[in-house]
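Only one chain is given next, in structure tokens, and it is the form predicted on its own.
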């Protein structure tokens, strides 16, 4: 076995596909040796999204879908290994994070689907999974989990302070000031932008925010949305499709407005929910953006208008913005294999340092 090689697998809240990264991880360096991304078919994506809503057969359906996702992963992981002239025994572990179909820390659970047993068996590599529930068992939110990886990345560059903004289906912030690290979800990221353009134009996302840019903000609608209690909730806090979903949008009678104006207002909702936190953090100077929303140029433009932070993507830290979470779960797998107890007390609200993740051996 070669030392320090890990694979991270991430299927995010947008439920649009898988990102897989082969990484070399040491205390002094982090390198992405190779990566591969795979879009889900429209059928698989819709089936995953359906699992976010209760149904009489959702237990069986979630297990079946978890098996399908793991079966998709297996040839992709083997492809990465072969392309780099490695053997499965060269990889210390796979950090596997399947789609989240329930996130209910207040009810003491979070569910990510996937079949870690078939993944370990068919790749012949140990799989680390279920990173969230030990944190929840100790009073934490179970999310976000990537902030400590963000701190590790800054330490490698000798940077002592900065902010990370992950713009996936949901948006979350990591705030690093010297040795202090905090992090939390701010609310919707791309989820409503993607949902609305799919409903109106049958497109999966608003490329570069062009459709939103064609509309105008509806002040009364924005005000009603921002009145939701989640935005005033104190940190630590996390959220998911259990809370912000199509049913949440239906409360606002969107059919009464121009469709592109709704898209513009939804983008402003994302901007405002983030900016209410950023305005207190100007002393941290640098804002590193990652996730699919990093490519929504209109959204980034609107964020830049609201503050004086130096906005960059994580490309400035040698990490593709779309691979940051896959890399983060490779790092979390490395931490678990190394038996590192991680301190998320100021991030998730956990009462103590924990070993995060369950290891399945082939």
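Residue numbers count along the first chain shown, from 1. Bear in mind that the values here come from a model prediction, so they are computed numbers and not experimental data.
The form predicted in complex with a small molecule exists for this protein as well; it is not shown, and the discussion that follows is about that form.
For this session: Please check if residue 248 has a heavy atom lying within 4.5 Å of any heavy atom of the small molecule in the model of the complex.
Result: No, residue 248 sits far enough from the small molecule in the model of the complex that none of its heavy atoms falls within 4.5 Å.
Exercise. In the model of the complex, does residue 12 have a heavy atom within 4.5 Å of the small molecule?
Worked result: Output for residue 12 is yes: heavy atoms within 4.5 Å of the small molecule.
For this session: Considering only heavy atoms, tell me if residue 168 and the small molecule come within 4.5 Å of each other in the model of the complex.
Result: Judged by the heavy-atom cut-off of 4.5 Å, residue 168 is in contact with the small molecule in the model of the complex.
For this session: Report whether the minimum heavy atom distance between residue 293 and the small molecule in the model of the complex is within 4.5 Å.
Result: Yes, residue 293 is a contact residue.
Exercise. Which pick from 237, 151, 208, 276 sits with a heavy atom within 4.5 Å of the small molecule in the model of the complex?
Worked result: Filtering the options by heavy-atom distance leaves 208.
Exercise. Okay, which stretch from 23-31, 317-325, 330-338, 65-73 lines the small molecule in the model of the complex, with non-hydrogen atoms inside 4.5 Å?
Worked result: One stretch meets the cut-off, namely 317-325.
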